[in-house]
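Next comes just one chain, in structure tokens: the form predicted alone.
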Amino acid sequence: MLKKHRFGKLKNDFSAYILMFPAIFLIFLLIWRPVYQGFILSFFKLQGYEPAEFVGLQNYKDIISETLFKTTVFNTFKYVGLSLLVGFIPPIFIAVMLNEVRWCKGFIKFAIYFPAISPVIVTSLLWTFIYDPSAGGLLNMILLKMGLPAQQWLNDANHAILYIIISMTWSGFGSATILYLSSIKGIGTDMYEAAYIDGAGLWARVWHITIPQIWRIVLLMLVNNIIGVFQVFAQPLAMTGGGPNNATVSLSLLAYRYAFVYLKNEKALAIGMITFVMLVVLTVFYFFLEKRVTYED
């Protein structure tokens, strides 16, 4: 009887499996198969893309022992840390403010979200012109008009990552703001009305009602933000090329260099696998939090 029940359930779901098959096949072909092949090839000395000699963990040892790799890991965590300091709070703040707006709300939401629809390369090149260290750069033109000296901006090794993070924040905070705003809209108005009657001001309502009600989505967005910034590639490639003096090289950009500049594919694969393992850990943690949040809701 149990076997018949299982067979009947499988038969009912057969059409769903048929519909999912193309997507599953493409995921296997374009994602899991390359990951598996990259993992295997990372243990070989490569001649182009063909394995020439099995070297075990030697590629990983060579990468980890290099000073550039250590600098790159530090840069990557610096990207993550600065993104949390600079780019994580503004979407929450703007969503709270936008929830209080009564006029032109649609236009404001469009204006906030507009940078998110621009291609990453286009946005990066735009900010490269803004950060131009010459007197013709937009920011330097403003500084010179104010009687202040021009700055080097992206040529400043100590702050270049910060300037890249600012451009990424401008480009990406719109979608996060809309998501937070949707979460705030889901909060019952009765709590706000009761707080307003009790004399609670705007910040008191935000602190005691809004933040506790949306903290779960904030936590999920925190982990998602870390995962996204950990893979930063296009922005440093387009804006600085990893310079000055490798001050903005990320793990993804370093793997790109080894593969297409230094032509050392085995080291590129080793870096890719190291990054993959780090991201798997973060992704598992993300799904764990998501499950806990869904269960608590």
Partner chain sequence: MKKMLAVALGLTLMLSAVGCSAPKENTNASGKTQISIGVWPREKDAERYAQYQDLKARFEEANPDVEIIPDNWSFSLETFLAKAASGNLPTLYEVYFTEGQRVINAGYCADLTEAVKKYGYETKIKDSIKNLITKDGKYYMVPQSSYNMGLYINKPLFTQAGLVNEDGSVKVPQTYEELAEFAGIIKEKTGQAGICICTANNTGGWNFLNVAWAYGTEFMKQDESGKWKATFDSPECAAALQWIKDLKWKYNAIPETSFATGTEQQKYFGAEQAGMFIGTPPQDELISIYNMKADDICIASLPAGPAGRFSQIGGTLSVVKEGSTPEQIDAVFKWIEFVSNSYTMSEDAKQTMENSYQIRANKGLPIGFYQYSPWADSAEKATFEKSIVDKYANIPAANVKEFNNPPEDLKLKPEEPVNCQELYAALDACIQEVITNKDADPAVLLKQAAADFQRDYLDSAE
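Computed from a prediction, not measured in an experiment: that's the story for all the values here. Positions refer to the first chain, counted from 1.
Although not depicted, the form predicted together with its partner chain is the subject of the following passage.
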Item to check | Location of its partner chain contact in the predicted bound form, chosen stretch of 181 to 189, 127 to 135, 102 to 110, 81 to 89 [non-hydrogen atom, 4.5 Å] | outcome: 127 to 135
Checklist entry - Is residue 26 close enough to its partner chain in the predicted bound form to count, meaning some heavy atom within 4.5 Å? => result no
Next on the checklist: Taking any heavy atom pair closer than or equal to 4.5 Å as contact, tell me whether residue 256 reaches its partner chain in the predicted bound form.
Outcome noted: yes
Checklist entry - Is the gap between residue 49 and its partner chain in the predicted bound form 4.5 Å or less for some heavy atom pair? => result yes
Checklist entry - Taking the shortest heavy atom distance, is residue 245 within 4.5 Å of its partner chain in the predicted bound form? => result yes
Item to check | Among the candidates 152, 118, 213, 175, the residue which, in the predicted bound form, approaches its partner chain to within 4.5 Å (heavy atoms) | outcome: 152
Next on the checklist: Counting any non-hydrogen atom inside 4.5 Å, which residue from 250, 265, 59, 235 sits next to its partner chain in the predicted bound form?
Outcome noted: 265
